[in-house]
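Below you'll find only one chain, the form predicted alone, shown as structure tokens.
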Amino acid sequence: MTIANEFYNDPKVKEAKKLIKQALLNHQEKITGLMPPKDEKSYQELVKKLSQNRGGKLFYDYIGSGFGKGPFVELADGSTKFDFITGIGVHYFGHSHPDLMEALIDGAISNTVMQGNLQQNTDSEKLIDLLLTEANRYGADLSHVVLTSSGVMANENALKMAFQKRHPADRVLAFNKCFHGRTIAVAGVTDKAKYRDGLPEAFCVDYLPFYDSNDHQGSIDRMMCALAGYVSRHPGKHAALLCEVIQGEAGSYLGNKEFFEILFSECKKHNISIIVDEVQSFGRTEKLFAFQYFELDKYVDFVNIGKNAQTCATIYRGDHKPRPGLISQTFTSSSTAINASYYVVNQLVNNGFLGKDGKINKIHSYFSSKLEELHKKHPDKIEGPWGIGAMVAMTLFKGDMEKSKQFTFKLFENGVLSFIAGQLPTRVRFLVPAGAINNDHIDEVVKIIDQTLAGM
């Protein structure tokens, strides 16, 4: 037994963790629902100071206290709100989850607080093994995992490996309305001009039309026509297709199995590597990975995860293994995040979240049915589609961006965090804490949505 094992199993350490957990549960009893602020004046001064120091106004006047209970988050003014956006999809088990906090403590008391390319602990190996096992559960052939510090770096690493594999190919295919991150290279792929404002062009990107559920065959025909034009105009020049199979930032647009099978098969004919960006969709459908939901296992060369996973990662095929020196980071993640990641992924896999009758589908079914009721009540103000799984979205005021944005501010004031996504139309979305909510929470949130709509 190592000294580390002796330390982690020391009765004093176990008792300390037990006391912290009990104290947490005791204080969480004070949160019974939405609560009003206690000190608005000091809080607004704090918000103003943070905005000035950051160099820009906060989207919401939101500064957390560092405490919460499931879907409820406490702000620094003492108020509580429903957090249904969860840090744009990060806090899957809500706030101050007792068992997740225990995993975080295990990471915090380990020797190396930040793990990286040079030094990784046993918990990294355990997480990597779990990710590979689950990524290959339905027949994918993914061999390696690189842990990394952010979702955009997971995409960046995949692009670098694809470019090296396909050298001298130097172009990338992507979808209209895609979002992949904001590094110089990846911002050049993200289909939003303001994210590239003032930045140099790193490489050329050719955009394909995404799937339109209202025109199945037309979607396939338009995509194939665009692809044929690009590969004919630039033969052998495309290194990779970087794509979301569910477009999150664009407004929760759902892809289609046949659409992707035809596209991916054609890409393979032209030696174009398939990179699936699941930084937002990981853990939010009835299967752990969204590429598994669409049964695309045999095509995928890379899958990149983040957000829910706590620790981000690039998972890839052995034939894309990079040469020494291409991929490295001083730190890949903190020991706390790595322990939290293992807890989250293990819970998703083994605690009834996945599958057609799993918690994720049940949450979506109930939430979407309640939103459908609101549509019947306010047909001119709210419409579907409602997204998929733990990615719930709604179109308000026919997709008007300014009205949708104002709605999110009013909803925040009324006690619920949401966020906007996409344009033409703009949608309001929820990335719900599926590990922390029940139907009663959804009922309360829908009631507040109803009241907010009625007030506009």
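All figures in this text were calculated on a predicted structure; none of them were measured in a lab. Sequential numbering from 1, following the sequence displayed.
Same protein, other form: the form predicted together with a small molecule, not shown, and the subject of what follows.
- Not displayed here, the small molecule is approached by Glu244 to within 4.5 Å at the level of heavy atoms in the predicted bound form.
- Using a 4.5 Å cutoff between non-hydrogen atoms, Ser150 counts as a contact of the small molecule in the predicted bound form.
- Taking the partner from the other structure, the small molecule in the predicted bound form has a heavy atom within 4.5 Å of a heavy atom of Asn155.
- Remark: Lys307 counts among the residues lining the small molecule in the predicted bound form, judged by a heavy atom distance of 4.5 Å or less.
- Partner contact region in the predicted bound form: 175-183, out of 126-134, 175-183, 295-303, 344-352, criterion any non-hydrogen atom within 4.5 Å of the small molecule.
- Between the small molecule and the residues Thr86, Gln280, Thr311, Thr285, the one pair within 4.5 Å by heavy atoms in the predicted bound form involves Gln280.
- In summary, among the residues Glu383, Glu74, Asp191, Glu249, the only one with a non-hydrogen atom within 4.5 Å of the small molecule in the predicted bound form is Glu249.
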